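Only one chain is included here, represented as structure tokens and corresponding to the form predicted on its own.
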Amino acid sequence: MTARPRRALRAAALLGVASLALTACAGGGDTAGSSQDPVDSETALEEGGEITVWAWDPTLESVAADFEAEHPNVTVNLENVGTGNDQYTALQNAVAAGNGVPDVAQIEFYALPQFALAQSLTDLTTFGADELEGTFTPGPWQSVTASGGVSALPTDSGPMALFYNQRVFDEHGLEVPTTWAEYEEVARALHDADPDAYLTNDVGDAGFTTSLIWQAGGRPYQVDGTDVTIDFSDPGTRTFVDTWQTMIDDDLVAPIGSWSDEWYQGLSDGSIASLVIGAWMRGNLESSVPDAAGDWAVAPMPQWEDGQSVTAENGGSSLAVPAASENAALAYEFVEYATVGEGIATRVEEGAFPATVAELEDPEFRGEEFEYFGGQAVNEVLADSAAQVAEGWQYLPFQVYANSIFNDTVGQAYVSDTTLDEGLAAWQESSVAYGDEQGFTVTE
């Protein structure tokens, strides 16, 4: 089966989420399960019981075991039903069927609006989660509260930074870029010096593209309930396009897909010499590119203008309690334990990058030296980035679907004569048409 049919099948499988959202919105109200008086969920701990957690995050295995050890009358069934879209399709199907819905579900930030708008998630203000404002950094907190109420609690975050191969930079006398203009200059100098080497790779990635637009000040998505505006002609988008189109036109990005064997090999041998990516890449490099230990370092994300200190999120996920959970109070206790309770220390120890202010400001966390990165205190750079995430970003209430058609639209700019402008226009047109078909009021 070719890549295009797989994307088409995946997109078709995701159609129902937006339809569910519109059905729910027709009845009015915000995220399901809201209440003015917080529920005493500690009573649920005393009574005990069994909860099912759908998540792919491996650090939750230790958290679940510790939670059971502290509460012997509680059983946590941790199930990995797939990552990303695979889990969202399974969750959507369970919600639609009215059975088999887990008590807790891991959901990435970009996918939260779809389920929240459909009232498929419990509003965690029911359990007093709104009192946690200030506990998390602005980017993740904004993501879990974007649809009204508190639709989930952040498990981690992805503030962006520049991961670069110090060995390659030293070999070619390259300076670490602080602006995107300098980044382009370094990309050109490296590729001129070694035609087999590239500063980075890209064959079209929705998350990367929207994150750079976010950092550049672009706000192409505006969402107010079922009223949606999509406009990729805004100045921030133009700023991104002007630079990245040049990178593509001048063959300054490796035509290699991320997460492929060729990508990992490039990161290992230095032929892909940098990534501007989320903080979670720290652990991924350590575990998946061991042969490059000592070569890599981390610097602040390049800026679009001199003197700025603005970043964006790239990735990050949360734990939500589906509205159909029959044990929501106990489920919330687990969610709170894993995100702001004792579980967060366990998860950070196992490599998760936290979304909690306390951990990010902890001198021990910030000062930890990583042998893989030549003894650099990497967390200091990443924690600073988390505090600099630009506010005001919104995802579509059908972002999962929109991302699934990215390579059929914007992605064509990497494999044909299509420009980024043309690809973004096609992405906008397809997203508008889809939103209209699902009953949203979409303007451009």
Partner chain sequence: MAVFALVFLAPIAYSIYLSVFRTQLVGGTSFVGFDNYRQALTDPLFWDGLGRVSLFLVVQVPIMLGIALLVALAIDGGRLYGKSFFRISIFMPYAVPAVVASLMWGFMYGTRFGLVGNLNDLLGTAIPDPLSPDLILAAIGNIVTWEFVGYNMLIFYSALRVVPHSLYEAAEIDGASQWQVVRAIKIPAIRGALVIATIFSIIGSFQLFNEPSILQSLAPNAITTSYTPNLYAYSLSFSGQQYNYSATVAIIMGLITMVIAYVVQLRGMRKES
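Numbering follows the first chain given and starts at 1. The shown structure was predicted, so the numbers you read here are calculated from the model rather than taken from an experiment.
Below, we refer to the form predicted in complex with its partner chain, which is not included among the displayed structures.
- [ ] Look at the candidate spot formed by D196, S271 and F440 and say whether its partner chain comes within 4.5 Å of a heavy atom in all three of them in the model of the complex.
- [x] Every residue of the candidate spot has a heavy atom within 4.5 Å of its partner chain in the model of the complex.
TODO: Answer yes if any heavy atom of V203 is within 4.5 Å of a heavy atom of its partner chain in the model of the complex; otherwise answer no.
DONE: Looking in the model of the complex, residue contacts with its partner chain include V203, since a heavy atom lies within 4.5 Å.
TODO: Find out whether any non-hydrogen atom of Q308 is located within 4.5 angstroms of its partner chain in the model of the complex, and reply yes or no.
DONE: Q308 lies outside the contact set for its partner chain.
Open item on the list: Can you work out whether Q394 and its partner chain are in contact in the model of the complex, taking contact to mean some heavy atom pair no more than 4.5 Å apart?
Closed with: The answer is no: Q394 has no heavy atom within 4.5 Å of its partner chain.
Open item on the list: Residue-level contact is defined here as any heavy atom of the residue lying within 4.5 Å of its partner chain in the model of the complex; does T179 satisfy this criterion?
Closed with: Result no; T179 lies far from its partner chain in the model of the complex.
Task: its partner chain in the model of the complex: contacting segment from 403-411, 61-69, 383-391, 44-52, heavy atom within 4.5 Å - done: Selected stretch: 403-411.
Task: Partner-contacting position among T89, T145, T239, N327 - heavy atom within 4.5 Å of its partner chain in the model of the complex - done: When its partner chain is considered in the model of the complex, the option within 4.5 Å is T89.
Task: One residue of Q114, N314, T137, T155 in contact with its partner chain, assessed in the model of the complex (non-hydrogen atom, 4.5 angstroms) - done: Filtering the options by heavy-atom distance leaves Q114.
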